[in-house]
Structure formats: C-alpha cells, structure tokens
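Only one chain is given next, in structure tokens, and it is the form predicted alone.
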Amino acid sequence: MEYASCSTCLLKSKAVKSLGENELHILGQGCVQTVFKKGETIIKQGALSSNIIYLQTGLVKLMIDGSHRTQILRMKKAPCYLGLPTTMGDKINHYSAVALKKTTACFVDINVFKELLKISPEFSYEIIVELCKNELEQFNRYVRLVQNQIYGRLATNLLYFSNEIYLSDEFKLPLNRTELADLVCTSRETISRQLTELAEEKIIDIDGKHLRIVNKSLLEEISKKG
C-alpha cells in the first residue's frame, strides 16, 4: 500500500484526466494505491465504506450474500470505479468485490472525492457518465436474465468474456463451473451439460478452463434468440 502520485500516474481515469495540477494534488493527498492478489477481497459486503475505489488494472467479481447463497452479480474489468452508488448513497458496502487476477486499485477518501465533485464540473460530468453506463449495463443484464433461456444466457456471457474481457476468441475461463452457474443463474450440472453440448455442436472447444470459440456467429445467434 502506498500513497498515489496522481500527477505522474499513467493509468488515470477519464474523470481524473480532466483535473488540473492543484486538483491532482488534492486527490493525491487522499488516495492510496493497493495491489491485490487473485482471490483477495477488495470490498467486503456489510463493512463501513469511506472510499471510492478506482481499478487501474485487473478483473473482479461482484457478489451479494443472499438469504440462501452468495450471488455473483457481474464481473468488472479495469479501468473502472467501484463503490460509487453504495459509498455515495450509504456508508455501508452493499456488495463484495473479489480479485479474479492480480489487481491494482486506488482507494480515494470519500471527502476528497466529494470536494473534487464540487470544484470540478468536468470531473463531475465524467463520474455521472460512468454511473449512467453502469446503470444501463445492469438494466440490459437483468432483461437478458429474465427473458433468455439458460442456453442464451451462457452464450451471452461467453461472448462477454471474449469481446469485453479478453478481446480474444481463445481464453481461460475466469470462473469455475459453480461460479459460472451462479453468474448465469442455474445449476453447476446444467452449465457442465450445456458447455458439453456447445462443444459437441462445434461451437466451442473446451478443455478444463481453456475455451476457444470456434463458431462465433452461431454463438451470437444463440445469444440473441435466447
């Protein structure tokens, strides 16, 4: 853990890039950079929150502890902010974030963050844009969860891994079968069976966690039709 040098940082968010030198100095006084290993918790549900978190590098899964089990909400790839709705709207974290790979995060003191929102219209605008994008992504995800069949939901998530996270048609699944089932809202057995079916139909090639999309156009069709 070390205090950030925001002026010289090469991994600034779009919002931070809009700040002047004086504002960057203010940010640096209330910002600490931390590196997390795979499996380490970055945000803990139910804990007091006094920071906005900016992921500079890495990948995380967001989870909520329900009455019966822990539900994976979504995955987030850096660069992105975490904790904006919960920290700004409440003092308690309403979800947990766990690193899926080595992840670098900046913890920004909430009071410093609020000060920057007040003094910099450009900074405030970019944060609002970030919130709007996240909300629309959540709306689209919930619609697919409700309206698509499991086969379509699985296809959608495999395409998300390919197009958004790894930028490649060949990658290592970031989640195990149980976690993938949780993300798609089904059982582990169903996920294993449907991955096997996709492989038998020559749509994907899978060996353990290593997956290659063979017929992307057909996978996209499955995703659209649900």
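Predicted, not measured: the structure shown is a model, and the values here were computed from it. Numbering starts at 1 and runs along the sequence shown.
Below, we turn to the form predicted together with a further copy of the same chain, even though it does not appear here.
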query	finding
All of 38, 58 and 202 within 4.5 Å of a further copy of the same chain in the predicted bound form, heavy atom check	no
Candidate from 106, 75, 100, 84 lying within 4.5 Å of a further copy of the same chain in the predicted bound form - any heavy atom	84
Contacting member of 64, 47, 32, 159, with respect to a further copy of the same chain in the predicted bound form [4.5 Å, heavy atom]	64
Any non-hydrogen atom of residue 88 within 4.5 angstroms of a further copy of the same chain in the predicted bound form	yes
Contact label in the predicted bound form: residue 112 to a further copy of the same chain, heavy atom within 4.5 Å	no
Contact of residue 185 with a further copy of the same chain in the predicted bound form (heavy atom, 4.5 Å)	yes
4.5 Å heavy atom contact, residue 68 to a further copy of the same chain in the predicted bound form	yes
Heavy atom within 4.5 Å of a further copy of the same chain in the predicted bound form - qualifying residues of 39 to 58	none
